[in-house]
Every structure is written in structure tokens, then in C-alpha cells.
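Consider the single chain below, provided in C-alpha cells and representing the form predicted on its own.
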């Protein structure tokens, strides 16, 4: 089973949960920018969240099914239709052979995900199917490609209420190795400041803007390069914050004021340009409890799916359905 790609946005890549264990060799994890969206799609299709999906940055594409198949749509909501009829986002659907799926621009958020029943089959490299463009592993999906998928026996016609994470908000952070290089007045100003997502962003990192001055660390020109990971908030020489994302470099010498918790990284990645951001420091004990709760929420997602009730106005062949069954007496 497969989808033929007739049209595709410029930054659409195949992503799973990424590859681990290669930081010492200069390779960051990559994987989906919104890991929660992978789990939501898996819950909607009744399959493993380890399977790969198509990550669409801001814009989707047009696809045709070669055989009957199942799909799910999660992450940043995008305009979507099957053969011209609108379909629900954060839901699973049947796609019949020859039908066209069209996914347009993101309505809110940045990264939308197209999941195929059975998962997208792509070359496994170092334990993952994820493209890592900065490391030249894989490439962006292109017009004329075919997305193949495995066997899927699960149900469709299900929906799931997504976690609210597409308009910015509070990002909880813990102190990094270099937080102590910033004086207390700077840390207090950082925690109290109102930020917004800047326009400079990709899968390596996203700029965070504010109207105040920069955030400088003591002796920042003498900092040695150290290991860095997604979620680290790194300051440029001018003191501008950047939140590092899945394809970030593995070492760096710019000072890091804090690190965003993994459970808040989906919100960070999905905050649209201009969206509000505030940072809140939490203790390591609080961070551990929050992360444990996040993992529990992921495990409970399959229990939260419910039947998708279609709007009759969106069913072009409504009259072909048996809408009334049995006999009703007018006198009893």
C-alpha cells in the first residue's frame, strides 16, 4: 500500500522518535518536532508510536492512494480534504484506492503530521527512519515520491481531543550547567520577561524575541564547548535566546541559561511566529514529577479516543447510506 506524492510543501520529512546514542559521534537525535503528535496518531490508528509519519512544516501536499488504506492527521491543524470533501483533523480516516488527499496550510501551529496505517516504510539508518537534513541523512519528500506503508488491521473513524499547545504559553525550564554564569538579576529578568517566537526558526532551533535587552553571562567569551541537547536555551553573542530543536548541534560554546522540559517541547515547537512565550524555572524534583506525568498521559492516549461523528453536510454520497432501519408504527 502506498501514497503517490503529487504536490508537497518545501519542508516535509519522514520522522519517527529519532535515534539515540550518537551524541558522542556528533549526531543529534532528530525525530519529530512534536513527539506528542506521533503518540496521538498512533492512538488514533491503534498502532505503535515508534512508527514513522510524515512531518509537514507549515504546508502539506496532495496525495493519491494506490490501494485502500488508513490515515490519521495530528499536530498543527491544517486544511484537509479527501476528493474535495473536508475531513476532520486529529482523527483517523479511510482512504480508498484512487482517492486524493489534499492537505493545505497550517491554520495554527507549525508542524502537522500525516500517519499511515502500518507506518511509513523508509530506510532505517542507525536505528531510525528519521530524516536529519543538517546531517545529510535522508532528504525532504519530493513530488513524484511514493510513501509506502505496512499492513494495518486497526480501526479508523476515531477522533482525539488534542492537548492545547498551538498558541504559545508557559514553558517550564530547569537550570543548565551554565545557569550560574548568569547573575541573579539577569535570571529574574529572564523569568519575568514576556517573550514571543521570532521568525527565524527551523528544525535546528527557534529564536525567541523580546523588547528588552539581551541576556549576557559572565565570562561568556571564555566558555568551552560542551554537550548540548534539544530544549537547551542558548544565548547568542548579542544575548538573544534560541531554543534548540531536534536537529541541533551536539556541542556549543554559547552560554545556556536554562533547558525546556521535554514535556513542554511540543508546545515550544508548535508556537507560531509572534506567539507569546514565558519561561518558568522549576526544581529537578518538580521536573521529574512533570516528566513522569507526561509519560503516563502518553500511555493513556489510546483510552481517550472516541468515535468520529461526521457532519452530514460533509458526506457527498449521503443518500447511498441506509439512514432508517426497521418499521415504525404510526398508531402504537
Partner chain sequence: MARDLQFPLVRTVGFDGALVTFADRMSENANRAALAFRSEVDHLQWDEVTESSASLGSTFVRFDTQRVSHQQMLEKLQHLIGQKDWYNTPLPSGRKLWRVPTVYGTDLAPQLDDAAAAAGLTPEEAIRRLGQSRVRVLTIGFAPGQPYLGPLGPEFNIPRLPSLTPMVPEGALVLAISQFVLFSGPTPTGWRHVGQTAFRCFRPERADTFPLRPGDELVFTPVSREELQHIRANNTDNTGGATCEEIAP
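Just so it is clear, the model here is predicted, and its values are computed rather than measured. Residue numbers count along the first chain shown, from 1.
Beyond the structure shown, there is the form predicted together with the partner chain, which is absent from this document and is the topic of what follows.
- The candidate stretches are 297-305, 50-58, 35-43, 261-269, and the one lying within 4.5 Å of the partner chain in the predicted complex by heavy atoms is 261-269.
- For the chain shown alone, residue 137 is a contact residue for the partner chain in the predicted complex, at least one non-hydrogen atom being within 4.5 angstroms.
- Although the partner is absent here, residue 21 lies within 4.5 Å of the partner chain in the predicted complex, judged by heavy atoms.
- In the predicted complex, the partner chain lies within 4.5 Å of some heavy atom of residue 126.
- Put simply, residue 208 is far from the partner chain in the predicted complex: not one heavy atom of it is within 4.5 Å.
- The contact residue chosen from 142, 108, 94, 249 relative to the partner chain in the predicted complex is 249, the criterion being a non-hydrogen atom within 4.5 angstroms.
- Just one of 83, 240, 183, 226 comes within 4.5 Å of the partner chain in the predicted complex, counting any heavy atom, and that one is 226.
- Contact residues in stretch 176-207 (any heavy atom within 4.5 Å of the partner chain, taken in the predicted complex) are 176, 177, 181.
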